[in-house]
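Just the one chain here, the form predicted alone, laid out as structure tokens.
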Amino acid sequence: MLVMAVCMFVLVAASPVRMGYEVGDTVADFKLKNTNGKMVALSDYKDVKGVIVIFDCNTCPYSKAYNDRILALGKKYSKTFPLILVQSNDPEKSPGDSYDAMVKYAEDHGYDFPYLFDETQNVARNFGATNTPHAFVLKKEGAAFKVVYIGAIDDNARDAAAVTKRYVEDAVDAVTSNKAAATTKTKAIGCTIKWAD
């Protein structure tokens, strides 16, 4: 009996632990505080083809390099495929990412899309977000949102002028044309999320 119990433990311990959503998964609803003080839920988005969720922050050099591109995404798809930014860094580890700092950052950069504070870091954990920025393109199917793309915004984190592949835009355009995204997963390039202890 003891041998069997040990064998079962080894099998369970050896199984890979799944971290976050994969392409095709349905995303659980979430509700977080926006920089305007209001609560925003994924389920608030009714008459859209989908949503772009990007885990981002104020302080990461990669996030700063992508800021203009993120603003452009927000403007380009505001009506049909809105953008939601989520900030999940622990302010104790990264003081420049406190809620008050987020409010100022959103104002200074003219954000006209939600910039949400994931204070418990549960949303980042559920998504499996690891970096800032880390993008997820979600397709609306009935009342549900399904993951169609995970990874980098495009193929050049340092130089917007040198971008040759726009992964997020390509995925959004594919969904709006009722096609499958050509690329469904890439490696997110950026700073690691600062997790609370």
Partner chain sequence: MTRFIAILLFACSTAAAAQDQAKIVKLPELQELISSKGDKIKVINFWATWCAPCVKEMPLFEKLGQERTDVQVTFVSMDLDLDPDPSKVYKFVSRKKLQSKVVMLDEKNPNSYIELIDKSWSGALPATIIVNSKTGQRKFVEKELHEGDLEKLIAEVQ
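Computed from a prediction, not measured in an experiment: that's the story for all the values here. Positions refer to the first chain, counted from 1.
There is another form of the same protein, the form predicted together with the partner chain; it is not shown, and what comes next is about it.
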Exercise for review: Kindly indicate whether 61, 187 and 190 are, all three, within 4.5 angstroms of the partner chain in the predicted complex, using heavy atoms.
Suggested key: yes
Review point. So which of 27, 70, 65, 32 gets a non-hydrogen atom within 4.5 Å of the partner chain in the predicted complex?
Key: 65
Study note, to complete from the structure: Picking from 157, 40, 148, 51, the single residue whose non-hydrogen atoms come within 4.5 angstroms of the partner chain in the predicted complex is 157
Review point. Is there a heavy atom of residue 167 lying 4.5 Å or less from a heavy atom of the partner chain in the predicted complex?
Key: yes
Exercise for review: Specify the contacting stretch among 140-148, 40-48, 168-176, 127-135, defined as having any heavy atom within 4.5 Å of the partner chain in the predicted complex.
Suggested key: 127-135
